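What follows is a single chain, given as structure tokens, in the form predicted on its own.
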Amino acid sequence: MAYAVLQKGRFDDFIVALAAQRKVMAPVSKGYGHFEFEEVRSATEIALRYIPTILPPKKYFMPQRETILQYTSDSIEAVVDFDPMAIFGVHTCDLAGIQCLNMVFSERPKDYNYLVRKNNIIIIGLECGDYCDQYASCAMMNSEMPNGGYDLFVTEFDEYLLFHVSTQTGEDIVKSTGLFETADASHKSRLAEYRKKKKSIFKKELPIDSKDIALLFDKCFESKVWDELNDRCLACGNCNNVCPTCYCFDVIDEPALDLTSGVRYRRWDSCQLETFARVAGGANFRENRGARQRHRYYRKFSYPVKKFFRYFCTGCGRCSRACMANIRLKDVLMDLIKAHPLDNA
């Protein structure tokens, strides 16, 4: 593994140099304990210590609204709209979310709009320490430690930033700026000590091994827990919109007033909305809110395990923070654990 050291006094020079090459997106404080990824031009704008942003960096890979086709009466043109950018400060839970999306959109038929955008985004991860909140479940989902999916990964220390160089693109950035020093054994030793301490901070949030969560969902499809959620859920769709791995979208054709031209665009959709599972003739496969909540949980803890061999919950806690009905993911899982104990528990 290659590591490089950036003294904190040169951090602003690094961001300025990077911003001269392409757009740089990074977490920015919006007040009241909220953070957003947005464009920055200097290091002074960046929050190095932050809880997960309101929306995940998914919004740059899969925009909320995206034109995919434009047409006239005699022509049709596919549209792939993107800006080369670098996303600085991606936490490990969001790195895991991007990895999930990469798997989904690389399946046949491949989503070229997503893949073109992905190939033009540089990802710079950022280590999170002891400043997450009660909604996160990183340890339960094994997402508290870096596990690839980045070009560079940053760990902050008092006087410097330690960068792990993971790709050729990352190495090119380090060399082109001329701001970095080569890491020595003392830097790597300090990182090892930091990670060891971190393991004592991020402890398992629920009395279940992560590998057993899928087994739990093999037993709870008819659980009364879903009936309880049916009475609480407001069907607002907030949980889907803030999730780093939800990828459902609707496709809309919008003709111009002259009826000779128009666009086709896609926008985020939510399985929590009443119209999501409605089909021709008015039938709805998930008419009540409890069924839709159940579907969302199974899309995180069961279905992707069978298809992709991994959970699609990354432990970021966004769904719990954003829920207006105060539905907390960890509480729901605990209720399921109590109602459906595993044989080996």
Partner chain sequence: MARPKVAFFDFSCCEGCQLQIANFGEPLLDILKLIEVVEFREVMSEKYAGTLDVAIIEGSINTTHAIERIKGIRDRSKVLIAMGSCATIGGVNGIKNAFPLNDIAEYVYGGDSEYFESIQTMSVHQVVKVDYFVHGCPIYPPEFVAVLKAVLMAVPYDVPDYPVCVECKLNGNVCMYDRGVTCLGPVTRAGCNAWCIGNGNICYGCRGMVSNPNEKGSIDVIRRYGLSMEHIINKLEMYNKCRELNPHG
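Numbering follows the first chain given and starts at 1. Bear in mind that the values here come from a model prediction, so they are computed numbers and not experimental data.
Here the subject shifts to the form predicted together with its partner chain, a form of this protein not shown in this document.
A.B. asks: Can we say Asn102, Pro109 and Ile121 each have a non-hydrogen atom within 4.5 Å of its partner chain in the predicted bound form?
C.D. replies: Judged in the predicted bound form, none of Asn102, Pro109 and Ile121 sits within 4.5 Å of its partner chain.
A.B. asks: Can you tell me whether Glu205 touches its partner chain? I mean in the predicted bound form, with a 4.5 angstroms heavy atom cut-off.
C.D. replies: Output for Glu205 is no: heavy atoms all beyond 4.5 Å of its partner chain.
A.B. asks: How about Cys220 - does it come within 4.5 Å of its partner chain in the predicted bound form, if we only consider non-hydrogen atoms?
C.D. replies: Outside the cut-off, so no.
A.B. asks: So in the predicted bound form, is its partner chain close enough to Leu55 to count as touching (4.5 Å, heavy atoms)?
C.D. replies: Answer yes; at least one heavy atom of Leu55 falls within 4.5 Å of its partner chain in the predicted bound form.
A.B. asks: How about Ala214 - does it come within 4.5 Å of its partner chain in the predicted bound form, if we only consider non-hydrogen atoms?
C.D. replies: Contact with its partner chain, no.
A.B. asks: By the heavy atom within 4.5 Å rule, which residue out of Leu191, Val79, Ala139, Ala235 makes contact with its partner chain in the predicted bound form?
C.D. replies: By the 4.5 Å heavy-atom cutoff, the listed residue in contact is Ala235.
A.B. asks: Would you kindly say which of Cys132, Ile173, Val225, Val242 lies with a heavy atom within 4.5 Å of its partner chain in the predicted bound form?
C.D. replies: In short, Val242.
A.B. asks: Thinking of its partner chain in the predicted bound form, which stretch from 79-87, 113-121, 266-274, 196-204 has heavy atoms inside 4.5 Å of it?
C.D. replies: Every other range fails; the passing one is 266-274.
A.B. asks: Using a 4.5 Å cut-off on any heavy atom, which residues of 283-321 would contact its partner chain in the predicted bound form?
C.D. replies: If the 4.5 Å heavy-atom criterion is applied to its partner chain in the predicted bound form, 283-321 yields only Arg289.
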